[in-house]
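Here you get one chain, nothing else, as structure tokens; it is the form predicted alone.
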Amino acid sequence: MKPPLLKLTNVNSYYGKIRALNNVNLEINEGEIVTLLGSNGAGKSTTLKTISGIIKPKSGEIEWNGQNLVNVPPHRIVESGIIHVPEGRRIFGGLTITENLELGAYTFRKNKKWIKEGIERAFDLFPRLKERSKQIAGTLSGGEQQMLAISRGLMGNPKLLMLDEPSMGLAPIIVQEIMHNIQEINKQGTTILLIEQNAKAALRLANRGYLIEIGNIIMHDSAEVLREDDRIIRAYLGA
């Protein structure tokens, strides 16, 4: 059996003196969609920031393809194939769609062919962006900005794409479209770690899920089992 693509072992992260992650253990296998569920402030975003090197863990191990990431700077983590699409989209509002996508391919900036093909792939996935390719990103709708944020992440050629709340603030019909495209990205070979407030949608997409509370992983199982668990139903899925 192949070892996990990504493995967190007893990871502890802090904000000052406040512990945000408490001995977190998490594994992601190649080709999976794994969802991390939890309420606001539970430690979901902190987990992604710790993996991507924005926050340095105080202790524990983060193994990526057999490499320890704990002391690797964020830009090297990106180069290794981990791409983090943060909560709130964080697009460059004063630049066009195409310029945002080009910046997403910064690690491939000398490979003009790759950038051109990457933009074409993004436009195939989100045709709405192609129609607006020269539009200033800050003038796009919330859904279009999220499509751009995901597409910009894909320009870095991720082996693991980490998505933080991709459906936040979007209309249900747009959420459905975004979720369909996340599934399509996975089918094309990209492993995904998904944080998603819409637990129903996340568990429909995911192979497995983890539940985090106050920085502690309190349960994990297949998505199918989690969909039937009383604690998950009461807290996230409704009675």
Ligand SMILES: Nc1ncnc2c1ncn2[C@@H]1O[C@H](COP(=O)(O)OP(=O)(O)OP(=O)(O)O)[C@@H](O)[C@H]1O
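One rule holds for the numbers: they count along the sequence shown, beginning at 1. This structure is a prediction, so every number in the text was calculated from the model and none was measured.
This protein has a second form, the form predicted in complex with the ligand, left out of what is shown; the following refers to that one.
The three marked residues, Tyr15, Ala20 and Ser45, each reach the ligand in the model of the complex, with a heavy atom inside 4.5 Å. Stretch 36 to 44 is the answer when you ask which of 36 to 44, 61 to 69, 198 to 206, 178 to 186 has residues with heavy atoms within 4.5 Å of the ligand in the model of the complex. The ligand in the model of the complex comes within 4.5 Å of a heavy atom belonging to Glu165. Of the heavy atoms in Glu79, none are within 4.5 Å of the ligand in the model of the complex. Although the partner is absent here, Glu87 is a contact residue: one of its heavy atoms lies within 4.5 angstroms of the ligand in the model of the complex.
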